[in-house]
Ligand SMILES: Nc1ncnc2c1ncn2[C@@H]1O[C@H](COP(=O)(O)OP(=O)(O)OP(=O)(O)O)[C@@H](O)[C@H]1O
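There is one chain below, alone, in C-alpha cells, taken in the form predicted alone.
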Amino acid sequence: MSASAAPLVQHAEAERRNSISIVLKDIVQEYPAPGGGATRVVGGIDLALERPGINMLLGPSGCGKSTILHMMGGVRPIGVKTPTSGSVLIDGEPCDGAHDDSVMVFQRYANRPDLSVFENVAFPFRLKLWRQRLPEGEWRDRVTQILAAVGLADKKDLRPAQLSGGQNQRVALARALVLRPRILLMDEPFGALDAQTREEMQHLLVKLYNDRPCLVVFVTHDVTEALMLGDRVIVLSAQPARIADDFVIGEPRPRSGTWQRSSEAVKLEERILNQLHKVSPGKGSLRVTV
C-alpha cells in the first residue's frame, strides 16, 4: 500500500466502525421446562445500540443477560429456536448465526494449555476465515502489538499454567482484540478475578477501547462495575428479563474513586437498586463493589 493510500484506507475503516448497529426487536426466549411447557427467560426486549461505546447490560444473576448477549453474537444452542420470537439485526441484517464482525470474551478465558501466549492470541489466524483475510506477516505484527498493549510482551513464550488469572484474562482479551472487531461482547469477563486485578482489567479495557473504539456490550451483575465503565447502562429485571431502566453516563472515563463517591454516582447506584427492587423483589443477586 502506498503512503498516500494509507490515510484513505484508515478513514474508510473508521467510518465502517462508526456505522455499526445492533437492534433487538421484541425478543422473547423460552426453553423447554421439565415435565412439559416452557420457561420464559426473556420476556420481550426492544433495544437499539447504534454507535461505538461501552454498553453495560446489568441485572441480577440468572436474569437472562448472557442469553441476550449470545443472541447478539449469533451463538445458538443446539435444538432450541433462538430467539423464540423477535429478531436480532446487525447493520440492519438478520443475525441468525456467527457474525464476522462480532467477537466474544467469556469469564472462563479458555486459553489452550498446550500453546504459548503468542500462539493463543494468534489462534484465530489458524482458522480459514482469518487466514484468508490477512497475510502471515501482518497478523504476526498484530499479535506482537496487542501483546505489548495488554502488557504481556515479555510473557509471549509462556504457557497459560505459568500465568496468573488476570494475565490469562489479558490473553483472552488480546485474542479478541487482535481481530479488531466492530462488536466486542463480554460475558462477565472479570467476574472471577480478585478486586485489585478486576480494577486493573477495567482500566485496561478503557485504555484499549480508547485506542480503537468499537461497540462493546458488557454483561455484569456488579453495579459499581457498570457505573465505572459504561457509557450507557441497560438494567434488566429478573426472569423473564425486561428492560427496567436505560440511561447514559456523561462522566468521562477513567472515573476516579472521588467520582464513585460523588452524589451523582450514589444517585445512579440508588436508581439502579430501586428499579430492581420494584421489578425483581427478592430475586437474583447483584453486587456492589466496596
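Just so we're clear, the structure is a prediction, and the values are computed from it rather than from any experiment. For every residue, the number given is its place in the sequence shown, counted from 1.
There is also a form predicted together with the named molecule; it is not shown, and the following applies to it.
Taking Gly257, Gly62, Pro254, Gly44 one by one, only a single residue has any non-hydrogen atom within 4.5 Å of the named molecule in the predicted complex, and it is Gly62. Of the listed positions (Gly151, Gly165, Pro77, Pro135), a single one reaches within 4.5 angstroms of the named molecule by any non-hydrogen atom in the predicted complex, namely Pro77.
Among heavy atoms of Tyr31, some come within 4.5 Å of the named molecule in the predicted complex. When contacts are judged by a 4.5 Å heavy atom cut-off, Glu200 does not count as touching the named molecule in the predicted complex. Contact check for Glu119: no non-hydrogen atom falls within 4.5 Å of the named molecule in the predicted complex.
For Glu188, a non-hydrogen atom is located within 4.5 Å of the named molecule in the predicted complex, even though that partner is not displayed. Only one of 66 to 74, 48 to 56, 261 to 269, 226 to 234 places residue heavy atoms within 4.5 angstroms of the named molecule in the predicted complex, namely 66 to 74.
Of the residues in 224 to 253, only Gln239 comes within 4.5 Å of the named molecule in the predicted complex through at least one heavy atom.
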